[in-house]
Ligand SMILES: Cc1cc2nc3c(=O)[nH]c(=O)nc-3n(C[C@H](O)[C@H](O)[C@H](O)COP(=O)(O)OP(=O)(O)OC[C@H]3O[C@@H](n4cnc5c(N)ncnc54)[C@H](O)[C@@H]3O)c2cc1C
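Consider the single chain below, provided in structure tokens and representing the form predicted on its own.
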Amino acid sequence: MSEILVVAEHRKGAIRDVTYEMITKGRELAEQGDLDLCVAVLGDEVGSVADEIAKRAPDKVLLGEHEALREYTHDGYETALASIIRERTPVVTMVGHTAYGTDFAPSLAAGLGLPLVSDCIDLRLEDGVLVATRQFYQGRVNAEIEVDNSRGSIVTVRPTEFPPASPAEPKAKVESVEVSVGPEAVRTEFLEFRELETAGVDISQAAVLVAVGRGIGEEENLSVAQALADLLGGVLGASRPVTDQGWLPKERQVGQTGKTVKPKLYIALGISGAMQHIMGMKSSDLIIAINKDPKAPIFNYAHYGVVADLFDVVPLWTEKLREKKG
């Protein structure tokens, strides 16, 4: 065993951010264990995806192409990856904790007889032993788990926990590898790919996000937050109580049961900061919180906090922004 293996995630030719985030952490693990960092790209006619990932400085990109992998299926990925892992026996195989990764990683680990740690927020190698950090009790407790990875191990990595790897030189070598995917192995039939209807708004891609919580009071008050978001060139998000009321659609929800976001600026208006919400936004570059409760947990994560009624602060803030913009 001489390498860390990252499983790339891509959809319709677009590389998902979690792939680059895993490359960052994978590089750290490789340096700790004096190992190579390899990225596996599965699919059919996805050489351009492999070439793009090769620019992010792994040691090698493994390109596994097969017509059965043209579209994602859990049994197709599981079968292909099993053949790669048996052949290469990586120390750690990293998979995104996403809809794709959580679909195939458990059965992949079970089929190979390898330990699995899911939803990891940190990883390190100590004297060859993998130490994985994950959370319990809705994020209130961090636990470090020592993994017997004498035969290797599989982990799923929570998105947004690590910065994405930047392009670097030299470009990695792309190596085609044979993957065994017999027709009897793929029992799932891909029918179609449907994009979630988001009315043109994807909060996970927003650079500026203004999120509202219970403190907004009623649906009619959303206009106060929307005016601020518009002036900042941002979009409106919400905590679960707001979407449960139907004041904003579910795709605007931030948190463990909503979307994980990492904007450059996150403004929390009237959000107390339940751990389920914090888990979805704590990696934001800059967090500003406004809440009239000085003991609100959100202030433990905010870079700047204002203890005040949001209806006293936000309209004034909006007015000042309008004046500045002329």
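In this text, residue numbers run from 1 along the sequence as written. Since the structure is predicted, the reported quantities are computational estimates derived from the model, not experimental observations. Rigid core: the largest C-alpha set superposing within 1.5 Å between the two forms.
The same protein also has a form predicted together with this ligand, omitted here; what follows describes it.
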Each of 55, 164 and 207 near this ligand in the predicted complex, meaning some heavy atom within 4.5 Å? no
Could you spot which one of 159, 76, 234, 215 gets a heavy atom to within 4.5 Å of this ligand in the predicted complex? 215
Heavy atom within 4.5 Å of this ligand in the predicted complex: which of 35, 296, 69, 49? 296
Of 38 to 46, 25 to 33, 264 to 272, 56 to 64, which is the one stretch near this ligand in the predicted complex, taking non-hydrogen atoms within 4.5 angstroms as near? 264 to 272
Although the partner isn't part of this model, could you tell me whether residue 140 comes within 4.5 Å of this ligand in the predicted complex, counting any heavy atom of the residue? yes
Can you tell me if residue 309 lies within 4.5 angstroms of this ligand in the predicted complex, counting non-hydrogen atoms only? yes
Residue-level question: is residue 256 within 4.5 Å of this ligand in the predicted complex, judged on heavy atoms? yes
Even though the partner isn't displayed, in the predicted complex is residue 241 close enough to this ligand, meaning a heavy atom within 4.5 Å? yes
Stretch 274 to 307 - residues with a heavy atom within 4.5 Å of this ligand in the predicted complex: 274, 276, 277, 290, 291, 292, 293, 296
Compare the position of the CA of residue 251 between this form and the one not shown after a rigid core fit and state whether the shift reaches 2 Å. yes
Note yes or no: does the Cα of residue 297 move by 2 Å or more between this form and the one not shown after the core is superposed? yes
Shift of residue 15 between this form and the one not shown at or above 2 Å (CA, core fit): no
With a difference of at least 3 Å, the CA distance of residue 237 and residue 16 in the predicted complex shows the atoms farther
Given that the shift is 3 Å or more, do the Cα atoms of residue 16 and residue 273 end up closer or farther apart in the predicted complex than in this form? closer
